[in-house]
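In the block that follows, a single chain appears as structure tokens, in the form predicted on its own.
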């Protein structure tokens, strides 16, 4: 559970934005389980201004080909300090700090034949110029059958550990099977041997379902979709993805449905921009992410949160679903509706989520016998309302809306 800078600032986030959002999280969200503060892509690119990438831009790096924060955007990185000061500030708030990386070796480092620390290898030996990201040319992929590539990844993760990084989002890799399978293993090994615990998240999706056991072994999170934005068609399509992936969510490895585009998004384009999701669609999104136990990463400029957005992110009963349930899965899926169940881990009850997938109001119902629980009362977690449970569990929902109930087993 955390915040990521991409939805609101693209490649152009500044240190002041990160610090402000970290303070907001500590003051308003930490008590509800939110803890990671993640700086997304191109923090090493001095001239980044929005969600677009500047091809072949001059990047900041050290003498060993390791990317460094752009000092004009992250002043505390001056003098080779990197993200150490920013990470220390985030930690001082009781939170954890993360960064985005692209797989591979910086193109500039390879062209300049920079040494890889004291390993005796050089960046051009670690780089594969035939492995280039289709949408961002900053990097060459790693030449994974070389000791140089292993040395390079070990050197960058040693740097991240020295900064105090707790979370790595590695991009241009999750969907690139089989060509990047070995590179995932190199990254995972370097992450796990660096001397600091870090979450390893792989992007973008869709990751291939038939490689799930490899993903479970070498990563903690992996994206099941391409970039997810505030578009009902993308949210509607997530139900099919969630159905396929939900059985693989378990401690240590989590299918990732991507960030939550709530509140103030796309701030680098328009500081007045707000999510295009309706309130109903936002309830549906938060409910589905919790029922399938996806990681939860906020995409908003949180200091602009209105009362509704804050209420979404601080509903302790809804947020408990992801932590206290297991085996969340759909029991009904049609073009018009979806119904999910998720038993509580302590055996005391079950969560039941009802979704209206149509453009009109609709009553969604489930036969109470399918709940497999003896229960007389249901509590709806968004409204706090309690209702007697008869032969069916039902809710009349507006377009694209959701209700989620906790049904506690009778003593």
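Numbering follows the first chain given and starts at 1. Predicted model, so just to flag it, every value in this text is computed and none were measured.
Quick note: we don't show the form predicted in complex with a further copy of the same chain, though the next part is all about it.
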property: Interface segment, criterion being heavy atoms within 4.5 Å of a further copy of the same chain in the model of the complex, picked from 367 to 375, 380 to 388, 354 to 362, 28 to 36; result: 367 to 375
property: Contact check for 270, 318 and 408 against a further copy of the same chain in the model of the complex, heavy atom at 4.5 Å; result: no
property: Partner proximity in the model of the complex: residue 140 to a further copy of the same chain, non-hydrogen atom cutoff 4.5 Å; result: yes
property: a further copy of the same chain contact in the model of the complex: residue 61, any heavy atom under 4.5 Å; result: no
property: Residue 127: touches a further copy of the same chain in the model of the complex, heavy atom cutoff 4.5 angstroms; result: yes
property: Non-hydrogen atom contact residue 325 with a further copy of the same chain in the model of the complex at 4.5 angstroms; result: yes
property: Contact residue in the model of the complex, from 304, 196, 236, 253 (heavy atom within 4.5 Å of a further copy of the same chain); result: 253
property: Residue (of 216, 241, 91, 150) lying close to a further copy of the same chain in the model of the complex, criterion heavy atoms within 4.5 Å; result: 216
